[in-house]
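In structure tokens, the next block holds one chain alone, the form predicted on its own.
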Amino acid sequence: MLTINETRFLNDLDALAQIGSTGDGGVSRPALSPQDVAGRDWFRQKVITEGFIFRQDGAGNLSAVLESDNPAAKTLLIGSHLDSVVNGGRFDGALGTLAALETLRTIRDSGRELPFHLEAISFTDEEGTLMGLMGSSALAGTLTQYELEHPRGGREALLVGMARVGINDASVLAAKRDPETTLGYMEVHIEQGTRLEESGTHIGVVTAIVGIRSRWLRINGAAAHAGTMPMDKRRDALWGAAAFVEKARALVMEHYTPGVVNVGRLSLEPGAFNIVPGVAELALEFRHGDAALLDEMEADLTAAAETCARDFGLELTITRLDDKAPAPMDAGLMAAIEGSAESLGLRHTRLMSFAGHDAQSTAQIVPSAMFFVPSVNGVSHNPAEYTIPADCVNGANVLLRAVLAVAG
């Protein structure tokens, strides 16, 4: 049975973790920062030294390519990302990228020929320091000029970052891949949660990456003197907001599990000890992997907000922000991953991903799949993020054998 070189793979994980090290086990390599550029340079040198074809596309995505003997063959993509959040962990993204590179090395060293080109890819800015899923959405052809001009991290920061790696708006938008040349995409990632660890399961095969919807809720009441306005006459915007938060929690837990809802920001006006809040603004986000249930969840949450506003004599305005559609994973690739886990004697299960990943971009144009390995205590985006070496190796070996399964 073909397996990876464990020592080589784990040494690479350790070496990459030194780039942008925070000194406490974590890394800080925000997308297109000097630290990220250093990590990208390390990857490029590694690819070239290993004798693979190195490519950087117009979106800054980095690739190592093991070519098939058939020049007209399609390409199977495997990989993840090298960038991190600020003061993040050393496994998020890095595990998948280096597992992909080790897969290329293991297959090459074995002398096996593949009926497709195999490409280990590291996508630009998966984490969203500047845009979020920038490289993978560019590859999928879904990134727009408007998004480039209005990035979440600020336009100037994006321009500076792009200049560091020699890309620009035009090159990013030209990075779209022809789906007809691409066989599919597979990714291994740390779970960033506790489901696998708690159940003693080695591999979590993702069924879908959840859709995410973001809305601003503005609740208007009437500011008043907090001492002299009787309680029964108040139009307190916070009362309506608080009632909605509790109702939303109960609603989603009772009817939409495993879907989730979150109010991540609440601001009040005028915002003083002695004034009844006249305005409450809430940042609402909700997620589910089923598009129909996501629609139902939105309808019920909207109705709940309207009821709470009416009960307290308030006015409600809802502003639509981002909508990201659920991304179902490919059944055939999922089966290849499950069969690979079984061939290695690893316990596996199916689950949704409630975090965004590059596979949700690629799934819009080609068959895509991803799977998780356990995270200790579910910690991620934190220097304490940790996945034990055996689980890292399991993930790389499952990826390797899934690639071979696709090759037939």
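Numbering starts at 1 and runs along the sequence shown. Just so it is clear, the model here is predicted, and its values are computed rather than measured.
Note that the form predicted in complex with a further copy of the same chain isn't included here; everything after this is about it.
- Contact check for Gly227, Met253 and Arg265: all three have a heavy atom within 4.5 Å of a further copy of the same chain in the model of the complex.
- In the model of the complex, a further copy of the same chain stays beyond 4.5 Å of every heavy atom belonging to Gly289.
- Proximity of Tyr146 to a further copy of the same chain in the model of the complex falls outside the 4.5 Å heavy atom cutoff.
- Taking the partner from the other structure, a further copy of the same chain in the model of the complex has a heavy atom within 4.5 Å of a heavy atom of Val261.
- Not displayed here, a further copy of the same chain is approached by Glu246 to within 4.5 Å at the level of heavy atoms in the model of the complex.
- Checking 231-239, 172-180, 96-104, 199-207 against a further copy of the same chain in the model of the complex, the stretch whose residues place heavy atoms within 4.5 Å of it is 231-239.
- Gly271 is the sole member of Gly154, Gly166, Gly271, Gly313 with a non-hydrogen atom lying within 4.5 angstroms of a further copy of the same chain in the model of the complex.
- A single residue from the set Glu338, Glu298, Asp330, Glu285 has any heavy atom within 4.5 angstroms of a further copy of the same chain in the model of the complex; that residue is Glu285.
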